[in-house]
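The chain that follows stands alone, in the form predicted on its own, written as C-alpha cells.
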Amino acid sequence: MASEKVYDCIIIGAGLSGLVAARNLYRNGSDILVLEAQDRIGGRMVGKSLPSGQWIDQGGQWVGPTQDRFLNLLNEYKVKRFPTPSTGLKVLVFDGKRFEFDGFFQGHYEGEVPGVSKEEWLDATEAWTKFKKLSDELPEGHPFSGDKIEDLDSDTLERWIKDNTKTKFGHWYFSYMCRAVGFSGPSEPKEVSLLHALWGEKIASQSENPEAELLHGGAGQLPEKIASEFSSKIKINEPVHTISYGNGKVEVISQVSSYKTKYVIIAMPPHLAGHILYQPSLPALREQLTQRIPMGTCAKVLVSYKSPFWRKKGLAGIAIGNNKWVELCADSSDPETGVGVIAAFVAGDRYRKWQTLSESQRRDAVISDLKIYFGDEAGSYETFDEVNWPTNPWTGGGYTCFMPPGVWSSMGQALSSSIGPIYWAGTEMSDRWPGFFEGAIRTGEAAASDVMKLLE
C-alpha cells in the first residue's frame, strides 16, 4: 500500500551507520523513515546473552584509542569499557610446533620474539618494513588516483608476498594478516589488490591498537539504545527492491509498501546496494563497481567456559597459527561475570572447506584447534555459537568488503559519490577505519550532514 506522505529522508538499512544517520537527522527535526530488511536492527552490531549471564558479540566487538567517533558514542550512551584481556603468554603454532611467548606481532611487533628461527623472524619483519613503507606513501583518502596507483592496483598481494619473503613462515605471516586480520577484508592474498591491502594497513593499522578494549554488556546493546528515541520511525522485515528518482521526487518501493521522500541514504554494503533496481539506472561506473566488491569470507565462533581456564596456565588467551581451521582466536571474557569466552575466526580458503562440513564436524574442527592452542581443557566448553556471516543474505560476509585487482584505479571514485538525491553510508564507504564500527559512524554522520544541508 503506497503512502502519499513525503519524508525528508528515508534511510535504507538499520545497521550502525544507518541508525547514526537517522538519529542525527531526527535530532535535527527532519521527518525520517528507516527501512530494514532483517527482522532486527543492528546489522553486524549484534549480540546475545548466554545462560551464564555472559554476553557475546556475534559481530564486531572491540574499540581502539584512535576511534574517536565510536568512543564518543559509547560515552554518550554510558557504555562501560574494559581492557581486552591480554595478560600472560601468547601462543603461536607454526607447522605443528607450539610456542609460548611474552610479546605481540600482529602488524607491529613488541616484546619477546616467538620461537621461530632467526631467519624466519627476520624474513617476516624485514618484509613488513617494506610493506609498511609502501603503505605510508599512499595518498590520503580513497586510493583511486595518484602516483603508482595503477601499478599497485594491477598486482595481487600474493605476488608481492612471493617476491618479498623467502621463508614459509614469512609467506604465512602476510597471508595470515590478509585472512584473519583483514587489511580491510578479509580475503586470500591471491584475491585482493596489492593496493587495497596497502591502503587497509594505512587507514586501519594494527599499530593503533584497534582491539584495545571490550564493552561491558557487549557492542550488541548499542543499536537499541541509539534507536530508542526514534523507534516509531523504524520498519523491520521490509526489504527495498526499487528506487525511482528524478524531477525532485524519490519513490522507495519495498516488499511491503512504497514511500515518497526528498532524499534517501542507502546504508548497506555496496554489493547489496547493487541489488536494488534504480530508475533511471545509476551511472555506469557505480553499476559496474557494485558488481566487483565482494565481502570478506569469515565466520566467527564464540566458545564459552565456566571460567577462563587458560589464565591458570599463564596464558593470555590470544593465539595465532597455521592450524587447519582457526588462525586467530582471542580472550573475550568480561571480568564482571567470571565466565571464559574465546572468539575464534575461520577465514578464506579455510572457511570454504569448513563450511562444507556438517554442523557437528564444524564444531569439532574448531574445538580441535583450540585444544592445540590452549590444551585439552578447551574441549570442556559450556556453549558454542557459530556465526556464519557469509550465509546471511543481508550481509554476505565479514568483516567488510575488499577490492580485487584493478577496481580501485578504474572505478573507485564511484564508491562514495552521491548520485542526485541518493547518498551512501556504511563502514565500507569510509576512508578511515572501514570494516570497523568507527567507519560506520563516520559515514552515517557524513551522509546525514550532507542531507541536512540540503534540507535547510
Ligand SMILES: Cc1cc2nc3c(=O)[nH]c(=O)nc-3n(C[C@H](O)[C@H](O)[C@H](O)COP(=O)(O)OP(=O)(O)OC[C@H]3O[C@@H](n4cnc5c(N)ncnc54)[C@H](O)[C@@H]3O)c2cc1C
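The first residue of the sequence shown is number 1, and the count goes up from there. This structure is a prediction, so every number in the text was calculated from the model and none was measured.
Just so it is clear, the following notes concern the form predicted in complex with this ligand, a form of the same protein that is not shown.
Within 4.5 Å of this ligand in the model of the complex, do Gln38, Pro269 and Gly426 each have at least one heavy atom?
Yes: Gln38, Pro269 and Gly426 each sit within 4.5 Å of this ligand in the model of the complex.
If you check in the model of the complex, is Trp408 within 4.5 Å of this ligand, heavy atoms only?
Outside the cut-off, so no.
For Gln54, is any heavy atom within 4.5 Å of this ligand in the model of the complex, or not?
Gln54 lies outside the contact set for this ligand.
Gly412: touches this ligand in the model of the complex, heavy atom cutoff 4.5 angstroms
Although this ligand is absent here, Gly412 would stay clear of it in the model of the complex, with no heavy atoms inside 4.5 Å.
Taking this ligand as it sits in the model of the complex, is Ala440 near enough to touch it, meaning that at least one heavy atom pair lies within 4.5 angstroms?
Heavy-atom contact with this ligand at 4.5 Å: present for Ala440.
Contact stretch among 117-125, 234-242, 377-385, 314-322 - heavy atom within 4.5 Å of this ligand in the model of the complex:
Heavy-atom contact with the partner occurs in 234-242.
Name the single residue among His196, Arg179, Arg350, Lys300 that comes within 4.5 Å of this ligand in the model of the complex, judging by heavy atoms.
Going through each option in turn, the one that passes is Lys300.
Relative to this ligand in the model of the complex, which residues of 243-264 have a heavy atom no more than 4.5 Å away?
Nothing in this stretch is in contact.
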